[in-house]
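The form predicted alone is given below as one chain in structure tokens.
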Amino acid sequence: MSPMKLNPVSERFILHWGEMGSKWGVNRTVSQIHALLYLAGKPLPADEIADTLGVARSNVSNSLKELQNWKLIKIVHVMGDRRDHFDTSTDVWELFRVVVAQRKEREFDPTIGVLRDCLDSGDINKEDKATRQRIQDTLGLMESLSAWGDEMLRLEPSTLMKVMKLGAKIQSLIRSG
């Protein structure tokens, strides 16, 4: 199978997405594969992904597993082709929700758990009052942000856009008032 021909804008998007991914702590190839699948808008087999991006097949295989772990891609089957094909949503809001939910689950929730454990520990009394208060304040902020984030993720995209625009209007109102 020959590699997919990428137009200049698609190539730039994919390369940039890889750069951004690495800034967010995600492997560059993982990000590029996701960008390719997103732009392709159709399921692709691993060998075509490898050939199109010029990446080793083993790297593609590991990257696809990582994307599956993040729940950003799924395996689909194409009639007449025995190979696994990989697909992602083309709905940017759905992708946003998945990424935010996964990051919250992997990063935010464990931190809330550690903060709660610290405050519940018998050793908390060995810390000075200011340290205990800072841990409590941090937990309060993180729990509030977590609850707010959960509420925002439940909104329909059109409602979420209105909330975001309203937030900007509120800021300018407060600044001018």
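In this text, residue numbers run from 1 along the sequence as written. Small disclaimer: the values here were computed from a predicted structure and weren't measured.
The protein also exists as the form predicted in complex with the DNA; that form is not presented, and the subsequent description refers to it.
Q: Check, residue by residue, if 56, 65 and 82 all come within 4.5 Å of the DNA in the predicted complex, counting heavy atoms only.
A: Yes, all three are in contact.
Q: Using a 4.5 Å heavy atom cut-off, which residue among 69, 111, 61, 144 comes into contact with the DNA in the predicted complex?
A: Answer to the contact question: 61.
Q: So which stretch, 120 to 128, 146 to 154, 23 to 31, 133 to 141, is the one near the DNA in the predicted complex (non-hydrogen atoms, 4.5 Å)?
A: Only one stretch passes the 4.5 Å heavy-atom test: 23 to 31.
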